[in-house]
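There is one chain below, alone, in structure tokens, taken in the form predicted alone.
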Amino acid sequence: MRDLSAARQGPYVAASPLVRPLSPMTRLLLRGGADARAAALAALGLPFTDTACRAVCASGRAGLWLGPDERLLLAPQSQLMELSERLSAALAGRAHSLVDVTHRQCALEVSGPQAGVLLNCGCPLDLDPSAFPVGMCTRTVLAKAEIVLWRTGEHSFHLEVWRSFAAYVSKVLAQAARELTA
């Protein structure tokens, strides 16, 4: 029988004082009209907003605006069943798509006074706080990998990356961190 212990572990993340893996979490991708999005966010205890490229947060949960009709919903891993039930009830009768992408992605945190500079070693966005303020989120690239980037604090960012690219992204960031501190 095949040993699945490696599959249960998180992906490899290269060591760096500025980059760390975040705890496993529930990830749901919601697509739907304003009524479906409002109902889903309310069911999660999150405020509704249609402000482009912004995240809303409450009680350890978040809803990230990824497109006019798309939200990435994040919550602690232990809440998957509870959230699924809440969302099923809230979205009943509304046109929507809700997909569990929990196992597809993992999260990294990049933090420290040089976090924006470090990310700009592979990300083309202007990460100055005036252009990319706290709460802003978007899909972008880091080196050659697609990521979701969310500024969670003045000097901290949350990256959502596909598990298969986590080692690559963390190695790119670790190399850039070595170069910044050299």
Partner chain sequence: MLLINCPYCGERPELEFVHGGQAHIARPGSPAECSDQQWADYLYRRDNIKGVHAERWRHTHGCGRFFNALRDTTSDQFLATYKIGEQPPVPAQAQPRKATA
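Residue numbers count along the first chain shown, from 1. Every value quoted in this text rests on a predicted model; they were computed, and no experiment measured them.
Note that the form predicted in complex with its partner chain isn't included here; everything after this is about it.
For the options Leu66, Ala62, Leu127, Leu28, the residue carrying a heavy atom within 4.5 angstroms of its partner chain in the model of the complex is Leu66. This chain is drawn without its partner chain; in the model of the complex, the residue among Ser156, Thr49, Gln114, Thr140 with a heavy atom within 4.5 Å of it is Thr140. In the model of the complex, Glu70 approaches its partner chain with a heavy atom inside 4.5 Å. In the model of the complex, no heavy atom of Asp35 sits within 4.5 Å of its partner chain. Residue contact check for Ala42: none of its heavy atoms lie within 4.5 Å of its partner chain in the model of the complex. In the model of the complex, its partner chain sits beyond 4.5 Å of every heavy atom of Cys121.
Of the residues in 146 to 179, only Glu146 comes within 4.5 Å of its partner chain in the model of the complex through at least one heavy atom.
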